[in-house]
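Following this are structure 1 and structure 2, which are two forms of one protein chain, each written alone as structure tokens.
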Structure 1
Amino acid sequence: MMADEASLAQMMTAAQNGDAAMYRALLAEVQLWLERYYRRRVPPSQLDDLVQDVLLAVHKKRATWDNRRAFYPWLAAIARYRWVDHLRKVYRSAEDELGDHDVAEDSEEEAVMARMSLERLFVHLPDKQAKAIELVKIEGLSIAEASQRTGQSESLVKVNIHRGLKKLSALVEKAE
């Protein structure tokens, strides 16, 4: 069970006053919260590095927390900014892997980049929603064909597409 807001605020206040034991306890609680926060936002192979990055940022910025304010929003802001930085780094890395090779004008570079963007967005969707969108909206299968392939009823395929597209739209609007 994770600590509540008041407990975390007390731990942070004690840590700011030099209590090393409370600071270790605070970081352990923050680590648990961050793991839960990022579990659905990044692939498992990237989770530990991102959590450690945020813990380091919390350590560096601990003096900026004001004990008259809530702790979780302060932590969430740091976590969100580090997540965005992480996504940018991952995107740049993926683009670098493609390289700057001389490519014919009729290449599929734009399609590859679009596909990479979709994959990054699909991470935020439940698997069934991502699969339904993939089959119907990208591969062009009918609802009936997607239903057969996924084992979902036709109405569930439609619901998953609707909900998935709604969530993707919200993510894109939020990023603007």
Structure 2
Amino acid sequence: MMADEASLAQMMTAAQNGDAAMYRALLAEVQLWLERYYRRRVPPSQLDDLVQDVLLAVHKKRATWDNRRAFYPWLAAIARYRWVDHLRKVYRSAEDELGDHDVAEDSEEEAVMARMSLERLFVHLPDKQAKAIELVKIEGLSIAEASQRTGQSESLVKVNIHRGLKKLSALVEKAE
């Protein structure tokens, strides 16, 4: 069971005031949330790096959370931002496979998570751009393989990835 919004907000307020024990507990919750958030959208071999990257970002930018606003949307915005950056930088190696990682959908935060999920970003992309990004950046296919799989020319796959990533980065704060 994941911590609820109110508990996390309370922990974050304490962390902003310098309470290290609360902060440790908060980061552990955040780490768990991020692992769930990124499942299916990040290969397992890259998950730890990305989660650690976001934890560092949370630490560095903890002053930017306003305690009069909800905690999860703040965290999700940072998580999306780092994920789009990650897609730009990293190609998944061919042997990696996305795990199913079916965890029980077990808390009232599910509705919030669904609203802020990464899939919500993909629905704003044209199918061809979303497919090109999924195949090359997430499943780790080469441009040639993705071209064969989708029937798009290699240049078109590249263009679709470029345009898709550009669009994703503009959608980070969009809720739906």
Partner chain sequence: MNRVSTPLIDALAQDLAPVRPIRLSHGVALVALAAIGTVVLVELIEGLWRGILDGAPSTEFFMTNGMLGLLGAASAYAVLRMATPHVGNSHEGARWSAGMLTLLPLTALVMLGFGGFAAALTQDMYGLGCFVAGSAFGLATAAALTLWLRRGAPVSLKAAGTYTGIAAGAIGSFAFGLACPVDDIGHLGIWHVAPVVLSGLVGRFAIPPLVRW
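Predicted, not measured: the structure shown is a model, and the values here were computed from it. So that the term is clear: the rigid core is the largest set of C-alpha atoms that superpose within 1.5 Å between two forms. Start at 1 and count along the sequence of structure 1; that gives the residue numbers used here.
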Is structure 1 or structure 2 the form predicted on its own?
1
Examine L56 after superposing the rigid core and state whether its CA is displaced by 2 Å or more between structure 1 and structure 2.
no
Does R41 shift between structure 1 and structure 2 by 2 angstroms or more at the C-alpha, the core having been superposed?
no
Rigid core superposition, E134 Cα moves 2 angstroms or more between structure 1 and structure 2
yes
Quick one: how many Å does the C-alpha of T150 shift between structure 1 and structure 2 once the rigid core is superposed?
18.3
